[in-house]
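Below, in structure tokens: the form predicted on its own, a single chain.
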């Protein structure tokens, strides 16, 4: 059942060195505050999973938290490359980064399989793709009923899933509104889950088709207003488009990156957003 605690305590309890960690959120609800707390606590040797690693993973990788990345696309949306990710892959700085790249469809299927407790995901995919040549986790099996050749990959079953959401009620149920990615599946697939929310309310006021994570699926809930900034939280605050553009210059240079992280993350409290 969900336990209410500080973000510091939630990360300290559930994110251990060497853990497999999924931080999900699609275009909005990206858990920046939680990611920054992981950085402040100097977690190391993490295997990071995310369908679309963007700025928060660039920061985690650049600060030496990650040893492996499982993903389907990595970049600064609408701007360009993730320079800290590239530095780690191409030059091993600050530590070498192993990458396992998949398609979007495969990553979604891997989360669904993990949520169902299955060891692998099966899909029609990778036909004509070179990804199987560079990713040893992409294999093929024959359907026992039709003989059809299908792709198979390991399911995503992280040690901990971390997401941001609009609000939780006092019983520990969490409401996610707006564009929804694979947050629900990531939480259900994980051994533990940490959810940051904008606020705690008496009643979620959820409509019949809303995405509600029941309290029994969640390990820890932490109140973190602005916890998705500079991405947006539907109904609370907009996307800080200017910051995504600014990040390109910040992340290109190792020293500039380190100075920015020291000022805006390391020396900042857990409630501070990610804007420059």
Partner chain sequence: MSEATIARDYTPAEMMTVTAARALVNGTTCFVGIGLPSEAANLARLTHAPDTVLIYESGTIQTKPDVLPLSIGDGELCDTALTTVSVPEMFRYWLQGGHVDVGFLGTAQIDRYANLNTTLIGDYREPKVRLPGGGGAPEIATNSREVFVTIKHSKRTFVKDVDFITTVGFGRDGKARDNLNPETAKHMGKGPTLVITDLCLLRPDPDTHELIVTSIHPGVTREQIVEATGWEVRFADQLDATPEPTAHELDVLRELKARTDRHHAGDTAGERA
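Numbering follows the first chain given and starts at 1. The model shown is predicted, which means the values in this text are computed figures rather than measured ones.
Here the subject shifts to the form predicted in complex with its partner chain, a form of this protein not shown in this document.
Highlighted residues 71, 77 and 185: every one comes within 4.5 Å of its partner chain in the predicted bound form, counting any heavy atom.
Though the partner is left out of this view, residue 241 does reach within 4.5 Å of its partner chain in the predicted bound form, counting heavy atoms only. Interface membership of residue 148, defined by any non-hydrogen atom within 4.5 Å of its partner chain in the predicted bound form, is confirmed. At a distance threshold of 4.5 angstroms between non-hydrogen atoms, residue 101 is in contact with its partner chain in the predicted bound form. Mapping the unseen interface onto this chain, residue 245 counts among the residues with a heavy atom inside 4.5 Å of its partner chain in the predicted bound form. Just one of 94, 172, 154, 181 comes within 4.5 Å of its partner chain in the predicted bound form, counting any heavy atom, and that one is 181.
Note that among 56 to 64, 23 to 31, 37 to 45, 214 to 222, the stretch whose heavy atoms approach its partner chain to within 4.5 Å in the predicted bound form is 23 to 31. Heavy atoms closer than or equal to 4.5 Å to its partner chain in the predicted bound form belong, across 109 to 132, to the residues 109, 112, 122, 123, 124, 125, 126, 127, 128, 129, 130, 131, ordered by sequence position.
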